[in-house]
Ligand SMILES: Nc1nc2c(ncn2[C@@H]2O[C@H](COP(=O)(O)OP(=O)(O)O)[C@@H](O)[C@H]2O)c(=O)[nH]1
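As a starting point, one isolated chain is supplied in structure tokens, in the form predicted on its own.
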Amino acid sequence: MKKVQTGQVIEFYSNSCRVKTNFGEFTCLAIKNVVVGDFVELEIIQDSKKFLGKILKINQRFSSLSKKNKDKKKLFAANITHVGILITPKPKTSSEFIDKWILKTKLSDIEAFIINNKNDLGSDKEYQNKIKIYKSLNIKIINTSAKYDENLEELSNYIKNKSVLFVGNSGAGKSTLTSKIVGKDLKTSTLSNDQGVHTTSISSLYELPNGIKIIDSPGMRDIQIMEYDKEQIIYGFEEILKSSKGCKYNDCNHINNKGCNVKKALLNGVISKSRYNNFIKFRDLE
């Protein structure tokens, strides 16, 4: 067994993490800024007849997700290719929640798709129109019912060879969906750090057949977007960005300026009212 190996962080706790390598899994003392999903270089050391790992460096990430805690930006997952946004008719998911995550993924070089969960409950016209808005933006939408195992095969096929994070509001069924895809009850499973069934990791990565990697990060629900500059917000709204290029003035505020092509597109139904309202709200957030 090589003394220095490359591995991926698959579990992360408050002061330690677990790294999977080609030679097995090793418990390591967490170093600053390491998060689940990170590829790391680690040195294997033997302590009391047990092999442990010492992380030497974090390899370059191709993507990362962070959240703002007070005034500090904190990473919580790395090397994700896709984020699955769970939406439900009951409790009804707001367009604001969806647009926040679309914005965050766009600015993090990650692709978003929508999981329309609890399909068994039915939905009203308002909810159906909401789904149509995102379908018109060419965002992949998969209809599921995690509770009744409906369409989970389509979801599993879509996330082949992808590293995915599922996000959803409380009651959206994220834990149920993740448990069904992973094949074990994540609420009661014993974690590999031998701390018992009552210990909850901050984040875990589950590697499945067909190249599927699922990162489960408990508590990832609503997010703040105050970390972004005003000028960045429009990049989470591709249809608004496209229309803005036809505005008469480069510094158009897209609210009351003459010659605004965004307002024209809004009136013509090219841009949805909910998306426009969220864009203005996010951009002008103080």
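This one's a predicted model, so the numbers in the text were calculated from it and none came from an experiment. Residue positions are given as counts along the sequence shown, with the first one as 1.
Keep in mind that the form predicted together with the ligand is missing from the display, and what follows is about it.
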Options 97-105, 76-84, 115-123, 133-141; stretch whose heavy atom lies within 4.5 Å of the ligand in the model of the complex: 115-123
Listed residue that, although the ligand is not shown, lies within 4.5 Å of it in the model of the complex (heavy atoms), from Lys184, Lys160, Lys92, Lys147: Lys147
Does the ligand come within 4.5 Å of any heavy atom of Gly211 in the model of the complex? no
Does the ligand get within 4.5 angstroms of any non-hydrogen atom of Ser175 in the model of the complex? yes
Find out whether any non-hydrogen atom of Asn169 is located within 4.5 angstroms of the ligand in the model of the complex, and reply yes or no. yes
